[in-house]
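Just the one chain here, the form predicted on its own, laid out as structure tokens.
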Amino acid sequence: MQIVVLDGYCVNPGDVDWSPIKALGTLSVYDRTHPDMVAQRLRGADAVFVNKVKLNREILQNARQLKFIGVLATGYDVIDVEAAKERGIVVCNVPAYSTEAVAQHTIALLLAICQHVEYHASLVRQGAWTAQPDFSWWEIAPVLLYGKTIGIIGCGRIGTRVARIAEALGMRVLGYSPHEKQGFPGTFVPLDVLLKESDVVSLHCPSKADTVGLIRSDTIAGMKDGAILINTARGSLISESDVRDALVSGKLAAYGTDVASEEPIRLRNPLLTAPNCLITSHYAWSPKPMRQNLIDVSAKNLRSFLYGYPQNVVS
């Protein structure tokens, strides 16, 4: 079996092990693949693994030998799943491989915003604390999360884990999801109620037709004045220009995000000039144990397919 990895670098820059996949056939790993090279590198491939490389209808129609697509991620919006289904190509993803890591990063963004950690640490290094007459000094007072309300939009594994951490911090937890999830520790409410009552809104839903641009000027208008918005899901869930305007006006107190509408983020992105905006580089998922787990489960997906009982099938 000929196996190709089209964009392996982010998953494995050299510190984890491809051998579980390599054991299943002849493996070719490319760190990155330009769109113009995808068709060529798929020639003769029986199975392909991708993270962010897009496999559209035209690509799939021309990949005559391809039988299996493994997504090195949970989200599979880079794949034309309908075209794959028409071709009889099985598409599998890796659900829940980074739940703990993404939940941790979500709370890290929230705490960094509320404690003004980066800002005060830089002032201390510049001598600002040394120059004070008192033992305790701050320029911006921290925000206490205890007793405040967090609204979780998307109450799957990651949203539930974030809710549990927030509950441990003494926060009231609200949740919104198309279907109520068992085990979610908060109270399910309609979206408009969640936005109206939440001091913090955290996004954990997939990017779909009904969620793209979910946070925009009219939904922001329904939020609490001075609310904090956190996004560790997908950049497309928000209107970046509308969020910037809300930060400038003060309607939103802060926005913390690990994702952007285009990645890597473009210099023209309006959030780069927005006040009180904390942006990290889509690395919440990436602790080493998470990436090795991603490879291990991907190998199990391919092995199960070869044995005739595919798992984690999305198409």
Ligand code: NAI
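All values reported here derive from a predicted model rather than from experimental measurement. Note that residue numbering begins at 1 and tracks the sequence as displayed.
As for the form predicted in complex with the named molecule, it is not shown, yet the points below apply to it.
J.: So if I measure heavy atom distances to the named molecule in the predicted bound form, which of the stretches 158 to 166, 112 to 120, 219 to 227, 131 to 139 falls within 4.5 Å?
T.: Every other range fails; the passing one is 158 to 166.
J.: Check Arg234 for me: does it contact the named molecule in the predicted bound form (non-hydrogen atoms, 4.5 angstroms)?
T.: Output for Arg234 is yes: heavy atoms within 4.5 Å of the named molecule.
J.: Can you tell me whether Ala284 touches the named molecule? I mean in the predicted bound form, with a 4.5 angstroms heavy atom cut-off.
T.: Yes.
J.: Going by a heavy atom distance of 4.5 Å, is Gly154 a contact of the named molecule in the predicted bound form?
T.: It does: once the named molecule is placed as it appears in the predicted bound form, Gly154 has a heavy atom within 4.5 Å of it.
J.: Is there a heavy atom of Val243 no more than 4.5 Å from a heavy atom of the named molecule in the predicted bound form?
T.: Val243: no, not in contact with the named molecule in the predicted bound form.
J.: Among Cys205, Met171, Leu72, Val91, which has at least one heavy atom within 4.5 Å of the named molecule in the predicted bound form?
T.: Checking each option against the named molecule in the predicted bound form, the one that comes within 4.5 Å is Cys205.
J.: Of Gly127, Gly147, Gly183, Pro178, which residue is found within 4.5 angstroms of the named molecule in the predicted bound form when only non-hydrogen atoms are counted?
T.: Contact residue from the list: Pro178.
J.: Going through 241 to 259 from first to last, which residues have a non-hydrogen atom within 4.5 Å of the named molecule in the predicted bound form?
T.: Counting only heavy atoms within 4.5 Å of the named molecule in the predicted bound form, the contacting residues of 241 to 259 are Asp258, Val259.
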